[in-house]
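Next up is one chain by itself, shown in C-alpha cells, the form predicted on its own.
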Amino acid sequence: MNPRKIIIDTDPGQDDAVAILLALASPEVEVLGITAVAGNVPLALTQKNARTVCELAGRPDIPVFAGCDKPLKRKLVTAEHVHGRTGLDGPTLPDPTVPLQDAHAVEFIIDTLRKEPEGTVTLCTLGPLTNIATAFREAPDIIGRVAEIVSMGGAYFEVGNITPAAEFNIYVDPEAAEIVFKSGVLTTIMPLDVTHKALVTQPRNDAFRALGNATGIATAEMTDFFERFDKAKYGSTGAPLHDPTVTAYVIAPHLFTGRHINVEVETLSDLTLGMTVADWWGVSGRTANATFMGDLDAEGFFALLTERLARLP
C-alpha cells in the first residue's frame, strides 16, 4: 500500500515535536511538508522548532514553511507557561541548519493541494487552525481536494484547559476553527477527551529514555519538562501527549473510538469563547460534520510510539 500523503500544520510545542517524530518514523505516511503557525509560542520559534525536530529525526529533507503569525481576528495567546520560553524546553538541542523555505505556508498548502491528485492529501493539524482557514479562504477550490483533516483540538467531557470552556488550539483562533469545521471536509477531531488518556507515566517515559538513541532521550527530556505543568494542574500521573494522537490516528486508526457528530465553535461569547459545542448525544438536530474521538487504546498507542521512536537516530 502506498504511504498516505500528509501535511503537518503545527506550533511546536514538545507534544507537537513527538507527533512529528512519530510521522517521520512511520512508513505508512509521506510527509510532504511541515507548515508552522503561531500558537504555543510565536511564529519565529515554531518554525525554528519544526526545523530542529526534523534535524533530530535525521530528516533535513523535509521542507518547513513559516505561516501566519497571528490569528485571523484576535491578539495571539501563547503558552510559554506550559512549554517554556522556547516551546521545546527540556532537552538541549542545537540550532537547526535546515533552511526555512522561502514560500509562505499558506502558499505551500494551496499549491500542494492543487498539484497532488484530488483526495490524496491529509492535513494533520496540531495547533491553531489559522493557516488552514486562510488557505481555504484564499483558494476555496482546494477544499474539495483535501482527503481528510485530522485535528488536535477542542473538548467536551474534559471541558477547557486554557479557559473553563475552551481548549487552547481552538481558543487561540476560534474563527479559523469555525471556517475549517464548516468547510465540509471529512474531519476527525482529537479532543482533550482522548488526549488526557494518553498519559506519559514514569514507566512509559523510562521506555523512551531506555531506547538510548538521541530521539528517545530527547523525547524523555521533553516530557520530563512538559509534565510538570499537567501533573500540578490535574494531579495526573504524567503529561498527556496531545498532538501525537493525530499522527497515531493516521497510522493506526484502530487505536481510537469516537462518534460522527455535529461540532460547532463558539465565537461570540466572552464566557465560552472557543468552546467546541459537541453534540455527543445527538440532541441538536444539526448535521454531523466531524468524527469526535472519545477513547483510545493507551497501551497500544505507547507501544506504537516507542517502537517508532526506536527507528530514528
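The numbering used is simple: start at 1 and walk along the sequence shown. Just so you know, these numbers come straight off a predicted model, no measurement behind them.
Omitted here: the form predicted together with a small molecule. The next part is about that form.
(message) Counting heavy atoms only and using a 4.5 Å cut-off, do 40, 83 and 243 all touch the small molecule in the model of the complex?
(response) Checked in the model of the complex: all three residues contact the small molecule.
(request) Name the single residue among 168, 181, 136, 208 that comes within 4.5 Å of the small molecule in the model of the complex, judging by heavy atoms. (result) Spelling it out, the residue with a heavy atom inside the cut-off is 168.
(request) Identify, from the list 121, 185, 192, 199, the residue with a heavy atom within 4.5 Å of the small molecule in the model of the complex. (result) None of the others qualify; the residue that does is 192.
(request) Considering only heavy atoms, tell me if residue 112 and the small molecule come within 4.5 Å of each other in the model of the complex. (result) It does not: once the small molecule is placed as it appears in the model of the complex, residue 112 has no heavy atom within 4.5 Å of it.
(message) With the partner left out here, check for me: in the model of the complex, does some heavy atom of residue 161 sit within 4.5 Å of the small molecule?
(response) Result yes; residue 161 sits at the interface with the small molecule in the model of the complex.
(request) Please check if residue 177 has a heavy atom lying within 4.5 Å of any heavy atom of the small molecule in the model of the complex. (result) Contact check for residue 177: no, nothing within 4.5 Å of the small molecule in the model of the complex.
(request) Please check if residue 126 has a heavy atom lying within 4.5 Å of any heavy atom of the small molecule in the model of the complex. (result) Yes, residue 126 sits close enough to the small molecule in the model of the complex that at least one of its heavy atoms falls within 4.5 Å.
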